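Only one chain is shown below, in structure tokens, and it's the form predicted on its own.
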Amino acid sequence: MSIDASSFLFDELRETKRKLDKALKEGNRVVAARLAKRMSELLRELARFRSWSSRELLDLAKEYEELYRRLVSGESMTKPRSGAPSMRVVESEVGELDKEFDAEALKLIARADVTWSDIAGLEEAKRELMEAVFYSIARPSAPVKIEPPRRFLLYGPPGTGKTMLAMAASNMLKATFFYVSVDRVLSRYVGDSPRMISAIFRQARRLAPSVVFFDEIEVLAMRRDSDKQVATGVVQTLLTELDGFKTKTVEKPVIIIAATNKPWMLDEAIISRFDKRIYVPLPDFEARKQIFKLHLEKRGFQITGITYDELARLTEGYSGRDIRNVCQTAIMMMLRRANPDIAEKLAKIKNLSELQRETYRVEPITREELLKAIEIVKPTITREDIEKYEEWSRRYGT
């Protein structure tokens, strides 16, 4: 992000101004003097970053310095000039800053071309998301008011298909899909992350129907008693937006889907904001069969000497991602066996166009190659991990 470090100053300026106005109204000279001095300091600091409006900001700082002098010297608390020092220049800067964050939020729009048929297993999670999309758009036959769930927390081991579920829901809705990864939101500047989150929700409402997908939300919304918490401001902004994001226009819903591999790290208040908390478990026997078929059979590869049933039995405890890695490893073994002369061919190729004209052999993947791939690719989730997810699910699942 190209946004500078000044964004957090705007929020403090407005809050300090609010407190100053209150102190002046109540006739509290001591508090008002302290706040007027703080206003001057903040404006001078802001002028360092906003060179194009530094003159106006410094002039405004002088007005607050004058107010501070009058308050300390015991002169009348009457506000200088035509009233309290104008904050129009600061409000103008806030508007420009919001535009910058809006532009950054639009960069998070991603292509969601996954369909439900691309996802093996996870029938319960798919059903709940499908229902939410359907009831968000379709109309009831009787004059009843239905508020379908629009805030989903998907939790479970890594590599089980949480991102694909969010993409499939967005694709079904033909919605604008915002893929919000941690690195695109967190900033080294204090005020940037909450503003970025607000901009994402603002743009999601504008471009509705929308699906906003927060990946690894536990990093953004760690428990506020955690030593590793990112920033209280981020949690508070998420809470505010999750409470108020629902659009009144039923035809254009905004659906929030968050994914976490570590739900126990989430702030309790964030957990409570999700209408549905869905456990996305490791694939069962039938799902593992379908995942193998998705990555092999449906991509045109043949296997020999082994069945999909046997592959599913041999990979109990594997995630969908683990199985994909098994398939990719076995495919590369087959290609290496079927094309032993790659190095010699490459030595004779002079340019890219020659390489593009080359072909290579594709043969059935053997039992030995698949077994070797399973031996190489170990499951990434332990039994202890699963027990931890199941315990959390018993406590928080819906």
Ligand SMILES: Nc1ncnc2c1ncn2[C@@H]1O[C@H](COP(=O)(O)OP(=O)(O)OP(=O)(O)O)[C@@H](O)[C@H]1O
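Residue indices: 1-based, along the sequence shown. Owing to the predicted nature of the structure, the values given are computational and were not obtained by experimental measurement.
There is also a form predicted together with this ligand; it is not shown, and the following applies to it.
Review point. So in the model of the complex, does any heavy atom of residue 182 sit within 4.5 Å of this ligand?
Key: No, residue 182 stays farther than 4.5 Å from this ligand in the model of the complex.
Review point. Hey, in the model of the complex, does residue 161 get a heavy atom within 4.5 angstroms of this ligand?
Key: Within the cut-off, so yes.
Check your understanding: residue 112 near this ligand in the model of the complex, any heavy atom under 4.5 Å?
Key -> No - in the model of the complex, heavy atoms of residue 112 and this ligand never come within 4.5 Å of each other.
**Study point:** Heavy atom of residue 253 within 4.5 Å of this ligand in the model of the complex
**Key:** Because no heavy atom of residue 253 falls inside 4.5 Å of this ligand in the model of the complex, the answer is no.
**Study point:** this ligand in the model of the complex: contacted by all of 118, 295 and 321, heavy atom 4.5 Å
**Key:** Yes, the whole trio is in contact, each within 4.5 Å by some heavy atom.
Practice item. Just give me the single entry in 258, 122, 326, 105 that has a non-hydrogen atom within 4.5 angstroms of this ligand in the model of the complex. Key: When this ligand is considered in the model of the complex, the option within 4.5 Å is 122.
Point to revise | in the model of the complex, the residue from 168, 211, 129, 291 that sits within 4.5 Å of this ligand by heavy atoms | key: Partner contact (heavy atom, 4.5 Å) among the options: 291.
Exercise for review: Among 268-276, 135-143, 170-178, 313-321, mark the stretch whose residues have heavy atoms within 4.5 Å of this ligand in the model of the complex.
Suggested key: The contacting stretch here is 313-321.
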